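There is one chain below, alone, in C-alpha cells, taken in the form predicted alone.
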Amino acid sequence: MKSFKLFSTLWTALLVIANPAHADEISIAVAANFTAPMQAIAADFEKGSGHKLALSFGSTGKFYAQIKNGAPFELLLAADDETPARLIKEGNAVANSQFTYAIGKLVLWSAKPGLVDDKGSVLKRADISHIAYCNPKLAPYGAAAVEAMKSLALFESLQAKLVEGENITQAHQFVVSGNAEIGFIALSQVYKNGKVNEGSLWIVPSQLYSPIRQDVVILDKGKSHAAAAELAKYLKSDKAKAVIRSYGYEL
C-alpha cells in the first residue's frame, strides 16, 4: 500500500513537471512577410516560456475576414496598423494592446543577379514581360507596390505585365519559379544579417509609398490567455528586436 502511494506521488510530480501550470498553447495569425523572423522568435519564446505557438501565415486582409468569422486566433501580427485598430474598434481585439513591432521595406527583386538595377529602371524595360506583386486589397505590401508604381507614373503602363499573388509569399514564388522576371516583395524575404541572400534588388525609396507600420494586437479570444500577453511583451524585448532587425525591418 505504501509503495502504491509512493508511486502515485512520484507520478503526480512527474506530471506537474511535464505539464507546468503556466504552460499554454495559443494560435497566432502572422503576416506572410514576417514568416522567417517569426519562426525564429517563436522558437526562442517557446524555449524560454514553456508555451506552445501554433503559427499561421497569410495575408492580413484574409486573416481579418477569418477573425470576423470566428477563427480561433489569439494574437494577430498584421502587415499594417489599420487592421488591428479596426478590430479593436469593432470589438474583436483588446483595447490598448496594439503596438508597432516592425516597419517593413518594399523592394523590387529578381532571382537573377544583376537584373534589377539600383534605380528601378528595370521596370521600364521592354523585355520584362511579367512583374509580380500581391493583392493590394488583402496585403499591405501589395497596396504599397501599387502606390509606388503610381508615384513613378508607371502603374497604367505596367497593367498588362502585372501578375497578382494572394499574398507576399505567392508573389515571391512567382519570381522564384520564373513565372515573373521581377516582383515587388518584402525585403525580409530575401535579406538576413545585413546581406541579400540571392538575386538582385532595388530598395524602393520610402517616399514613394506610405510607411508599412506592422502592428500586433491581442484578439478577443486571447485576452484570457497569459501566453498571448507574454508573447506581445516578448516582441518588445532586445532579443526579439535583434531578430527583427536582422531581416531588414526598422523599429
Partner chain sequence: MSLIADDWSAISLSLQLATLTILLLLLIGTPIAWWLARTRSRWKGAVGAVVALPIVLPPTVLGFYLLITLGPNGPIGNLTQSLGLGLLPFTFPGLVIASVCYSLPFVVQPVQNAFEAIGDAPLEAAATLRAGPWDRFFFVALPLARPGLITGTILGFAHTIGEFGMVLMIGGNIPDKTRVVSMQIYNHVEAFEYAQAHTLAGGLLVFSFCVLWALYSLGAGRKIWK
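On a predicted model such as this, the values are computed, not experimentally measured, just so you know. Numbering follows the first chain given and starts at 1.
If you look for the form predicted in complex with its partner chain, you will not find it shown, but the lines that follow are about it.
Peer 1: For a quick test of understanding: in the model of the complex, does each of 86, 166 and 177 have a heavy atom within 4.5 Å of its partner chain?
Peer 2: Looking in the model of the complex, the three residues 86, 166 and 177 all sit within 4.5 Å of its partner chain (heavy atoms).
Peer 1: Its partner chain isn't shown here, but in the model of the complex, which of 100-108, 70-78, 131-139, 150-158 has heavy atoms within 4.5 Å of it?
Peer 2: Selected stretch: 131-139.
Peer 1: I'd like to know whether residue 65 contacts its partner chain in the model of the complex, with contact meaning heavy atoms within 4.5 angstroms.
Peer 2: Within the cut-off, so yes.
Peer 1: Decide whether residue 189 counts as a contact residue for its partner chain in the model of the complex under a heavy atom distance cut-off of 4.5 Å.
Peer 2: No, residue 189 stays farther than 4.5 Å from its partner chain in the model of the complex.
Peer 1: Please tell me whether any heavy atom belonging to residue 214 falls inside 4.5 Å of a heavy atom of its partner chain, as the geometry stands in the model of the complex.
Peer 2: No - in the model of the complex, heavy atoms of residue 214 and its partner chain never come within 4.5 Å of each other.
Peer 1: I'd like to know if residue 162 sits close to its partner chain in the model of the complex, meaning any non-hydrogen atom pair within 4.5 angstroms.
Peer 2: Judged by the heavy-atom cut-off of 4.5 Å, residue 162 is in contact with its partner chain in the model of the complex.
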